[in-house]
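Below you'll find only one chain, the form predicted on its own, shown as structure tokens.
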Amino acid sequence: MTPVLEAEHLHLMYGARPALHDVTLDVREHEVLAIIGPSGCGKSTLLRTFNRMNDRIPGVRVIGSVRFRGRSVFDIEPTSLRRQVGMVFQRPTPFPMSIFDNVAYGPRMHGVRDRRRLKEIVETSLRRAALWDEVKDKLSAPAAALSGGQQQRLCIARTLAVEPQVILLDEPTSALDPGATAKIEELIEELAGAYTIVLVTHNLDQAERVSDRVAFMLAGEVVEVGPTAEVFERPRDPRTERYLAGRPLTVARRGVRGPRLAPVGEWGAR
């Protein structure tokens, strides 16, 4: 079966600074893949590569292959790609508008104008995000008035409103209290049956609770990937074992060797 997303021999630099080195990783249909590792190891960079968010950063250079359903992401128009591969960021980012208009924003951008259809999309998306019952009587209220946890679920609803196939979650609970975190984790488990989810998290307990597979990254490389229980209980690489045990890791910074790194959009291999 063709993976939904896959990176193959992916290198990425921010200017002269290497961020990803020879990353090969696949994401499978309707799984929750958790990417773990210490701060600065490249987790978020890899996540943003899947839907070309790194394009917006000046000086980014890449080589290798990143594919969505077998097609190079650099052959897909960015807006179209991000509709299919949606992203929710570390901190809630509601737009300065009403709850309704936040969720309806994406469908409107993609040409939906019928008010009845928009109402259906908003309700369905808020229900999928487990937020409908809490906001159904105040859809015209400012989204900024919601709690942090509600705002994050609103951002998930906004992502769901354009009917993506993949949801990228970049530390979605790091700014939330334990109660809100639990609701987001429950939501991830509910959404996993209908969507493919890639979750970046520093919370090892969270990764163990909600993911099907885990990828451990260190210094821009994927050290180990496998079924969650297997990685947590029987890690193959001693670096993974040290990280999961909370022991210090010695990281040797490597220079980028091998093929010339080209600016984004000038890929030599796809």
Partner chain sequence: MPPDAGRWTAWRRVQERAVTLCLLLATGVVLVPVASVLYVTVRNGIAAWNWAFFTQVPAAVGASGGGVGNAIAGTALLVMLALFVAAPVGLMAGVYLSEFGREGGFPRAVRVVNDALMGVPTIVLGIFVYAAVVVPMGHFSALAGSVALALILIPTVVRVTEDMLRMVPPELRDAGLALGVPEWRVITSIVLRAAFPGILTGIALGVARIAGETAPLLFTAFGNPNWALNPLQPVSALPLQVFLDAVSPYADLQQKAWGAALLLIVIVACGNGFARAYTYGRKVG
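The shown structure was predicted, so the numbers you read here are calculated from the model rather than taken from an experiment. Positions refer to the first chain, counted from 1.
We do not show the form predicted in complex with the partner chain, though everything after this point is about it.
> Should S72 be classed as touching the partner chain in the predicted bound form when contacts are defined as heavy atoms within 4.5 Å?
Replying inline: Result no; S72 lies far from the partner chain in the predicted bound form.
> Heavy atoms within 4.5 Å of the partner chain in the predicted bound form: does M53 have any?
Replying inline: Close contact exists here: in the predicted bound form, M53 approaches the partner chain to within 4.5 Å, heavy atoms only.
> Wondering, does G179 line up within 4.5 Å of the partner chain in the predicted bound form on heavy atoms?
Replying inline: Contact check for G179: no, nothing within 4.5 Å of the partner chain in the predicted bound form.
> Does any heavy atom of S140 come within 4.5 Å of a heavy atom of the partner chain in the predicted bound form?
Replying inline: No, S140 sits far enough from the partner chain in the predicted bound form that none of its heavy atoms falls within 4.5 Å.
> Of V112, A175, A145, M97, which one comes within 4.5 Å of the partner chain in the predicted bound form, counting heavy atoms only?
Replying inline: Looking at V112, A175, A145, M97 one by one, just M97 meets the 4.5 Å heavy-atom criterion.
> Given that the partner chain is left out here, which of I121, M87, I76, V135 has a heavy atom within 4.5 Å of it in the predicted bound form?
Replying inline: None of the other options qualify; the answer is M87.
> Counting only heavy atoms and a 4.5 Å cutoff, which of 127-135, 182-190, 196-204, 158-166 contacts the partner chain in the predicted bound form?
Replying inline: The contacting stretch here is 158-166.
> Can you name the residues of 11-33 that have a heavy atom within 4.5 Å of the partner chain in the predicted bound form?
Replying inline: Heavy-atom contacts to the partner chain in the predicted bound form: nothing from 11-33.
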